[in-house]
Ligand SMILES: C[S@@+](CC[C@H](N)C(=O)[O-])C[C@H]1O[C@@H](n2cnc3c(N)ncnc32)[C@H](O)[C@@H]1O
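As structure tokens, one chain now follows by itself in the form predicted on its own.
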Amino acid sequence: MRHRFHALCPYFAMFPESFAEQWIARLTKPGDVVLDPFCGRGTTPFQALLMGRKAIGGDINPVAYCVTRAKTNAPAPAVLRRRITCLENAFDSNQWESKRRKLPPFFRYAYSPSTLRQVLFVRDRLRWRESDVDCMLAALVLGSLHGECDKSSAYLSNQMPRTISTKPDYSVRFWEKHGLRSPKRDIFALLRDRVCFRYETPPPDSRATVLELDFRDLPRRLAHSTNGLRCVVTSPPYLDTTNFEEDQWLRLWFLGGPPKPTYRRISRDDRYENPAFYWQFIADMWRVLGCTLALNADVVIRLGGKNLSSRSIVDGLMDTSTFARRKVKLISSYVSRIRGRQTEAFRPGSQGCRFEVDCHFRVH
């Protein structure tokens, strides 16, 4: 049975757990440390824990940090239920009406008034960076904050994709054109339901180290944790494919950000958006890995991008590996076509990433 934590929060540009599982099984043994410096929704760290390994994950995106930490440091469900009850008892709908009215028009279309008042309250009360319990509850909200409400009652919003937050103006026009109205949901009942559903498969007993940081800071943060670090399974941002601040703006708002899409507010490193600088970005990744990995470490990288050939990806990874200042050997590479691309659901006919390349390297 697939562990239900894997799909805790749908995420754009995510790889399946089977990818992480096959490489972790092939390259590590129980007790080994597995690193993902671009952990996204935490697939690699969580799968590593399920397989009896130790795990380290890092990401600059607060959504990624919250979801990964929740999955890999899960509190007991009974504690979550008590916290939900405490929140529900403390909620006074009237106190949140004025704040609801001050939000941009998008929010009045996206959520029913009663639901939005509850969302505002929970957003204010959850201390998700300080508490594992609140972190899990925040991650559960993030997974239900928007989605296909016509298909499932597990989503709080009007009709939206579940993987990304569509732009405010586009969303309002879409809802008006199709006469769509936001569903009335009770966030406390939904949280109880999500706890019951996700914990149907028990979480692993061990915990991962999860860091909210620019990947270039990893050597400093892991200075005393790298002796046994012999495996990396990761997927860096693809060239000109997605921008997390834009695509995850609504989830970022729930975690304390502004009520609109932002650009370079969280990260000023935009090199993965620009073909002229992309390989400098990847070179920095190799520099970081060269500083953190133990001898004879394995590095598995899944990479894609617009207007890149499979050959140019392999060559680019090999050329930039010199920045590791270690001997790096390509063990294998494999090209796969992307089928059922997520972008087709909300950007029909888009010319996005059509294939991915998996490369296995050994760093001596």
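Quantities reported herein were computed from a predicted structural model and do not represent experimental measurements. In case it trips you up, residue 1 is the first one in the sequence shown, and so on.
One more form of this protein should be noted, the form predicted together with the named molecule, which is absent from this view; the next part is about it.
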All of Y11, C39 and L213 with a heavy atom within 4.5 Å of the named molecule in the predicted bound form = yes
Within a 4.5 Å heavy atom cut-off, is Y272 in contact with the named molecule in the predicted bound form?
-> yes
Would P168 count as touching the named molecule in the predicted bound form under a 4.5 Å heavy atom rule?
-> no
Give a yes/no on whether N61 approaches the named molecule to within 4.5 Å in the predicted bound form, heavy atoms considered.
-> yes
Using 4.5 Å between non-hydrogen atoms, is S321 touching the named molecule in the predicted bound form?
-> no
Contacting member of G290, G147, P236, G257, with respect to the named molecule in the predicted bound form [4.5 Å, heavy atom] | P236
What is the one choice in W253, F107, W279, F244 with a heavy atom within 4.5 Å of the named molecule in the predicted bound form?
-> F244
Among 123-131, 197-205, 228-236, 78-86, which stretch has residues whose heavy atoms lie within 4.5 Å of the named molecule in the predicted bound form?
-> 228-236
